[in-house]
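One chain comes next, on its own, written out as structure tokens in the form predicted on its own.
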């Protein structure tokens, strides 16, 4: 990480914390006490750290998915729907596949990955062959995925004698991911998330595929002239991104809700966009940034209980961080441009040398 990146991060974090502190003070609260409670509520104990990691897992997987598609120049806004479809696939397998826990869980994860990948490829086909912008195609498929989940919950998979959109019946115990001791988080979901981040990092940094994918994202027309099949690479990017999003959906079903709920995505797809933007599309940074966002998300519920602050303050803090990162980045770019202009020779100097 170069000095400009460190300086930008320091300015962004410092500025956002300062403004957040002023907002706490304007609300009549001690800023230091609020930040202390925010810390205690997210990582102050093993149980709270476990809850933070429950949020970190799907958020990091969503961000890893977006690193792949964003590197290819694709704004995969449909990641929310891909998480939901992955959750649907995991629920189906958990309900239909029999056998011991290892078999059921493995089948559910595999089906979720395939379902998420196929759903993402649908957006890719609309983009590549139908000329539909991936933003509009993705958003449309998000609504369809949410509608599918709601239909299944109140229709074929509804709870016996209950007409409710709160979710299906709980999955049988064999479909629950094994936990770490008495904590809520599963070591399986943690291991899969770490493996996914490392895999994306290695893919984008150390393979010719990653370099070609970035070339497509930088300039699709130039990449095509260089002999890179841009359409194929965009479809592969959608497929890989959807697979990771589907994995996030399986983590939500098997490791958190233990059933299918309408909001299986939890908004992590959209929040993952902010994570990737802050990480500047680098896989090496998404895990710590996602943890910071997860800590804010969990910690603000503690602020609500102790100080009576609305839980929406978490979204405000996250938004402030993004705003200050953009401002700090713009300031750094302006400084570099001014420095380059100062070093460049003037036309009169060039003429004198001639």
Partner chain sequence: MDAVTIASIIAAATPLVYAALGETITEKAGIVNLSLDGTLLLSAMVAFATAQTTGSVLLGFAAAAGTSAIVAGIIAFSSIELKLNQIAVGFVLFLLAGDLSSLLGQSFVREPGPSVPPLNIAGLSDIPWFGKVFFSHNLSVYGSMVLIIVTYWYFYRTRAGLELQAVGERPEAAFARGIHVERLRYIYTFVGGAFVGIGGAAFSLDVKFGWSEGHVTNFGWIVLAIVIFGGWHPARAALGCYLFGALQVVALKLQPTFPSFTQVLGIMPFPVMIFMLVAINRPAFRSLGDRLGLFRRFLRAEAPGGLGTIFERG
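Since the structure is predicted, the reported quantities are computational estimates derived from the model, not experimental observations. Residue numbers count along the first chain shown, from 1.
Although it is not shown, the form predicted in complex with its partner chain is what the next lines describe.
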| query | finding |
| --- | --- |
| Stretch in contact, per heavy atom within 4.5 angstroms of its partner chain in the predicted bound form, of 189-197, 81-89, 138-146, 242-250 | 138-146 |
| Proximity of residue 105 to its partner chain in the predicted bound form, heavy atoms at 4.5 Å | no |
| Its partner chain contact in the predicted bound form: residue 334, any heavy atom under 4.5 Å | yes |
| 4.5 Å heavy atom contact, residue 131 and its partner chain in the predicted bound form | yes |
| 4.5 angstroms heavy atom contact with its partner chain in the predicted bound form for residue 49 | no |
| Partner-contacting position among 97, 110, 126, 236 - heavy atom within 4.5 Å of its partner chain in the predicted bound form | 126 |
| Partner contacts for 56-80, taking its partner chain in the predicted bound form and a 4.5 Å heavy atom cut-off | 75, 77 |
